[in-house]
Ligand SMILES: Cc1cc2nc3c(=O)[nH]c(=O)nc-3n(C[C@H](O)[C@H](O)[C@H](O)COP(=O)(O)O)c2cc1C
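A lone chain, given as structure tokens: the form predicted alone.
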């Protein structure tokens, strides 16, 4: 049973039943807004002009060609261990959607692909299903279709703290319910304060999030992944997250889908000019993905490189810089809307490109690739030098 926990400040001396009725009405309105917002996010992420304009900077990362590879192409080994589970390739189908009918169909297709190719998969934020259990089927389909895949649940850090009298925090029992919902192997807690800043109805309270994440880590038995959603992680933040007990880091850097742009388009449709302007101004805000990967690698946790990974060559570059996995969202979302054969073809081509990059650097696996020389140029090099990160 999913239980909502009103925040203590909601308990004011009102006539009997009035406080509960007010909270119930407020939550019903919130539920409707969340479902509508998730539909907007899927539609705009798939078809809107929402890519970061500056890109991730993968063109600044060059792998050095090996004319005598001394390894057969057929020997290339893409398998990787992540959070105690063996994957056939270091690819995470990044958490994107859930909470409405179209999301069910998209998640079903992506989960079938994850199972077929031996990949990891995440889901979008599960708050919608915690508030409205009738939406849980849009998430549970993932485990139904991918019984052996590594699945990552998803909740937002802002929802772990109170966002006002009418928006109580998720309780620890609800956090566990999200994990149980898809029988998740790990739980992502996403950090999306850029998105919340632009979103017209955004939840902008952040004080207490670190302590809330710590409570979650201590309460649940599954590993917790700290996941940025498009603005990157700095080394200092990664160290704080490690101290809180998280098991892995998803850098979610600048370079792919900009949720500031997504929310800017939503704001435009609502006639919210100030929020639309914020989306335009902060469209490219944050730390580029390659810089973030290099920055957090010394922290010593497994790293997922998400943000602007658009080819297997990009993936190989991320692995060379220290990533354990790469995460891909928008291209696979677009493919999923066309059906499973399109998703399969996209993944097969992506893995073919990754294997080719390893072969042409004389690397039998990702560990060997990380030991190979590489060249960093342009803005990426400037970022690394000025932050004092060694690439």
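Computed from a predicted model, the values in this text were never measured in an experiment. Positions refer to the first chain, counted from 1.
This protein has a second form, the form predicted together with this ligand, left out of what is shown; the following refers to that one.
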property	result
Single option in 308, 158, 286, 168 placed near this ligand in the model of the complex, where near means a heavy atom within 4.5 Å	308
Full three-residue contact with this ligand in the model of the complex, heavy atom 4.5 Å, for 84, 176 and 247	no
This ligand in the model of the complex: contacting segment from 325-333, 347-355, 64-72, 360-368, heavy atom within 4.5 Å	325-333
Interface membership of residue 124, this ligand in the model of the complex, 4.5 Å heavy atom rule	yes
Residue 154, heavy atom within 4.5 angstroms of this ligand in the model of the complex	yes
Interface membership of residue 96, this ligand in the model of the complex, 4.5 Å heavy atom rule	yes
4.5 Å heavy atom contact, residue 256 and this ligand in the model of the complex	yes
